[in-house]
Every structure is written in C-alpha cells, then in structure tokens.
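Heads up, the chain below is alone and in the form predicted on its own; it's given as structure tokens.
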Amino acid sequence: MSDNDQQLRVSKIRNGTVIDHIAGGQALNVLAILGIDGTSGDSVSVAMNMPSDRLGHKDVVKVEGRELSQDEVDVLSLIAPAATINIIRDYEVVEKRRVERPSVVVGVLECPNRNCITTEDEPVDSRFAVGDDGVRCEYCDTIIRDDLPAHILAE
C-alpha cells in the first residue's frame, strides 16, 4: 500500500472554517476556545497528530457553518501561533490567512486573581499583554502561562 493510499480523507465542508497547522495535541483546546463541546449540534471534524512537514505533527479542525470572529482568532493565536485559517464558501477557499499574535487581548480572558478589578462587579474589560511565555493582566500583573483555555470568558 502506498503512502497515498494511507492518507486520511475528510470530506469538504460547504461553508465554514478550516483551522490548519495547529500544534499536535491542541485541537481539543481549540474547540474549547471556540466554545464547541458537542452539545450545540455544530458539525465539526477533528484530525489530531497528523504528519506535518512544518510542525512534525499537526491537528486540523473543520467547523461547518461558522466563520471565526477576530476575537476568536486572537485567542486562538495564543495556543496555535502557526495556525492557518481558511474561510470556506460553497466548497471553495475564499480567504486564507495565518494567525497573528496580537500584542494585547481585551475582554476575552478572565484574570485568575480574585482581587483584580476585572473580576469584580466593575465595568472593566480584562486586558492582557501577550508575551512569548504567556499573557499578563495589565491591571494586576498576574501572568497566565498554562491552561489558557480555562481562562476564556464565557460568552
């Protein structure tokens, strides 16, 4: 059997988003960022730890019927900085772009510091500076390095 015979074949989606070049093993975190837990009826395809020339191993997520917002892409870039976003319409790629890590993310992460002004009943959106080793709350200087998806604000 040749390598071509062993390739995974996943059907094309009519409309939606394909997130490619996610670091191997991170697809479930991507789903968490997108708020996809299997209960909403979203049609989702996930391929994990696929061979990749660029990453060694990669994950791919296809979400039918949904185009990602810029806020979602910004947060996604924190755990999948090499990801490529493909917008699909009528089975064709109409937009393809690599994610870019923003310098700041606003209103998408919850500060783990219970004393931070953003976690109280104040009308203050969270604001995190993005660094190479994590994100830092610009109000209380708390740094989040691990388990970023657990700090995503519920919509």
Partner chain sequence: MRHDHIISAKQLSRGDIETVLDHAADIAADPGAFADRHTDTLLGMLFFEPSTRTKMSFTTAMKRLGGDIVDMGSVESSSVKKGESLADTVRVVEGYTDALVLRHPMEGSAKMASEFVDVPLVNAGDGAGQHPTQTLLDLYTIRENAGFDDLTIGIMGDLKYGRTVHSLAHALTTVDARQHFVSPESLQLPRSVRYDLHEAGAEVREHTDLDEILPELDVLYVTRIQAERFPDESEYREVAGQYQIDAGTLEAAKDDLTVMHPLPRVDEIAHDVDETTHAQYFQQAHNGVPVRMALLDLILGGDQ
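Positions refer to the first chain, counted from 1. Each form is matched to the other, and the largest set of C-alpha atoms that superpose within 1.5 Å is called the rigid core. Just so we're clear, the structure is a prediction, and the values are computed from it rather than from any experiment.
The same protein also has a form predicted together with its partner chain, omitted here; what follows describes it.
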Considering its partner chain in the predicted complex, which of 86, 26, 113, 52 comes within 4.5 Å of it through any heavy atom? 113
Scan 95, 100, 92, 122 and let me know which has any heavy atom within 4.5 Å of its partner chain in the predicted complex. 122
Is it true that 129, 148 and 151, all three, sit within 4.5 Å of its partner chain in the predicted complex, judged by heavy atoms? no
Looking at the partner-bound form in the predicted complex, is residue 21 within 4.5 Å of its partner chain by any heavy atom? no
Is it the case that residue 106, even though its partner is missing from this view, gets within 4.5 Å of its partner chain in the predicted complex, heavy atoms only? no
Per-stretch contact check against its partner chain in the predicted complex, the hit in 113 to 121, 62 to 70, 41 to 49, 28 to 36 (non-hydrogen atom, 4.5 angstroms): 113 to 121
Scan 15 to 36 and note down the residues that get a heavy atom within 4.5 Å of its partner chain in the predicted complex; none is a fine answer too. none
Taking the rigid core as reference, does the Cα of residue 49 move 2 Å or more between the shown form and the other one? no
Rigid core fitted, is the C-alpha displacement of residue 111 between the shown form and the other one 2 Å or more? yes
Compared with this form, is the residue 32-residue 122 Cα separation smaller or larger in the predicted complex, the difference being 3 Å or more? closer
Report the direction of the Cα distance change between residue 132 and residue 49 in the predicted complex, compared with the displayed form, as closer or farther; the change is 3 Å or more. farther
